[in-house]
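A single chain comes next, written as structure tokens; it is the form predicted alone.
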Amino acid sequence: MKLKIKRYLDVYGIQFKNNLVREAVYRTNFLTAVTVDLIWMGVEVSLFSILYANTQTIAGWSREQVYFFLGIFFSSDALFTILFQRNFWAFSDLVNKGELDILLTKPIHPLFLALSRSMNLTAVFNVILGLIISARYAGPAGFTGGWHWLEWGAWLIFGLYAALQMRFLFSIWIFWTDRSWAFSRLYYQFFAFATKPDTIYPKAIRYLILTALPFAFIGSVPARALLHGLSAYEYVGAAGVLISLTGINSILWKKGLGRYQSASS
């Protein structure tokens, strides 16, 4: 078991070094990516600044609490960008161009290789910026701080895992379709719901993003848990949703892999 874990860590270390070298070579790409992300963050912050210029609270969220939420959301989304985004962009090519054949011959799980080959290290700055925003508004928002910052980190991982499972769910259909661009566009349409606190949406949409398509798990649920706490029912429900989603993705991966193998045989 230890040797197997070490093998995966060694492979991941090699992938990280390769991506670090690539980022060092294409420095202009780093500056461009940081600039674009800063503009996007600025737009999100400006939107709420305009809204709170006309009201004190929105669906029970104060301005400071929303900014605290945005800090969590920015950091979680940046972690996903670092670790997985480029791999999902190339996911369809693995199937359509037969590149998955090479991964299937390796003594490492092919899905691990497929999702760890490329990293966008330029987004590291965004993780730090998200943490700074959360720290800036933590006190005014009602976050107690102290050792609870460890809890902040745990919820950040929770949001990252939710984003990974959701993105995978929208990408796996490439095994049954010629192109997955339509599903990718649909993913980003739904992803827009993750950029706002879930309580501001109508009941039907809120139920959707807390169950079948849990985009609220990326930032909104972690923010509510850190600021107000969750009920036992909400904790069980969140765990159940993610476990179910993981199981569904696992089944779809095996079914898709079987289809891919039969198609290439």
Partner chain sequence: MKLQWRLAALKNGFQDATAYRVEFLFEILGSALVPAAIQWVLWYALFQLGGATQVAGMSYMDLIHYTFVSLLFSQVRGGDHDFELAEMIRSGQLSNYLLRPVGVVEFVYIRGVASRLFIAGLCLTLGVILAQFLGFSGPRMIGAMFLALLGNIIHYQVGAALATTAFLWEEAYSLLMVKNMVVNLLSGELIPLNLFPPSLQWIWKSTPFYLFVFGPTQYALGHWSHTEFFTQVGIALVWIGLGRALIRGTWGLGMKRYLSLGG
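Residue numbers count along the first chain shown, from 1. This is a predicted model, so every value here is computed, not measured.
One more form of this protein exists, namely the form predicted together with the partner chain; it is left out here, but the text below deals with it.
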Given 38-46, 232-240, 65-73, 218-226, the stretch touching the partner chain in the predicted bound form at heavy atoms within 4.5 Å is 38-46
4, 87 and 90 - do all three of these have some heavy atom no more than 4.5 Å from the partner chain in the predicted bound form?
no
Picking from 173, 125, 190, 112, the single residue whose non-hydrogen atoms come within 4.5 angstroms of the partner chain in the predicted bound form is 190
Checking 148, 117, 185, 136 against the partner chain in the predicted bound form, the residue with a non-hydrogen atom inside 4.5 angstroms turns out to be 185
- Query: Any of the heavy atoms of residue 208 lying within 4.5 Å of the partner chain in the predicted bound form?
  - Reply: no
The partner chain contact at residue 212 in the predicted bound form, heavy atom, 4.5 Å
no
Of the residues spanning 190-217, the ones with some heavy atom within 4.5 Å of the partner chain in the predicted bound form are 190, 192, 193, 196, 199, 200, 201, 202, 205
